[in-house]
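Below you will find one chain, with nothing else, as structure tokens; this is the form predicted alone, and questions on how it binds or moves follow later.
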């Protein structure tokens, strides 16, 4: 784990660890920082993901855990839970932290684009590529799947469901997206 130097700590907010506890993850305080989660992480072998670091920052209440792009590198395979000597639901905590990050405006541009595509089309996978249509036909299925692509009248229903939980407001902003938009304008 990287050293947490006082000049690197941006802001400590107990509300992050308190949010985890309120959501039913009171056992986060039982983490002994053994590193088994990081050592066994398949994604961590190929990326900058250090699960132990994410959990430590959450325990400390560091706001930077929500803006850290590492949070999004977890593939939710649950290997960390299987290896944890305290049997902590680490993957579930990471998913919760991601949800909290999105609520606070920390969403990666690619994820934001996917959310917007889902809202606009009712589907998370684009099918406007001819090669995919040909491949579907080769398997003996219709070129267009039996989703909102073949039933566009249901897109409105999907949008109403998204709006009913307020997610439509969430996908219109995002700190990462705003930073990237400003960089593209320069």
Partner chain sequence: MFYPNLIRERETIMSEKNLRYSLYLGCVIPNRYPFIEQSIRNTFKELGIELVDMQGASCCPAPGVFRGFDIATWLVIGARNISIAEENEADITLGCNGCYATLLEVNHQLKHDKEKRDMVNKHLAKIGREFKGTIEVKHLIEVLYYDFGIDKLKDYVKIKFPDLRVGVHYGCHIIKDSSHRPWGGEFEEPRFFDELVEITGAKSIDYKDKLMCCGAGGAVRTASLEVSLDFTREKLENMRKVSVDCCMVCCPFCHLQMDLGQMQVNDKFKDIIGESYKLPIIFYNQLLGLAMGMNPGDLGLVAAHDLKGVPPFISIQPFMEKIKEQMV
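Positions refer to the first chain, counted from 1. Superpose the two forms; the largest set of C-alphas matching within 1.5 Å is the rigid core. What you see is a predicted model, and the numbers here were worked out from it, not measured in a lab.
Below: the form predicted in complex with the partner chain, not depicted.
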Even though the partner isn't displayed, in the predicted complex is residue 104 close enough to the partner chain, meaning a heavy atom within 4.5 Å?
no
If we define contact as a non-hydrogen atom of the residue within 4.5 angstroms of the partner, is residue 61 a contact of the partner chain in the predicted complex?
no
Residue 146 within 4.5 Å of the partner chain in the predicted complex, heavy atoms
yes
Can residue 47 be called a contact residue for the partner chain in the predicted complex at 4.5 Å between heavy atoms?
yes
Out of 32, 39, 26, 125, which one falls within 4.5 Å of the partner chain in the predicted complex, going by heavy atoms?
125
Neighbours of the partner chain in the predicted complex among 99-134 [non-hydrogen atom within 4.5 angstroms]:
99, 102, 107, 108, 110, 111, 114, 115, 118, 122, 123, 124, 125, 126, 127, 128, 131, 132, 134
Would residue 149 count as moving between the shown form and the other one, using a Cα shift of 2 angstroms or more after superposing the core as the test?
yes
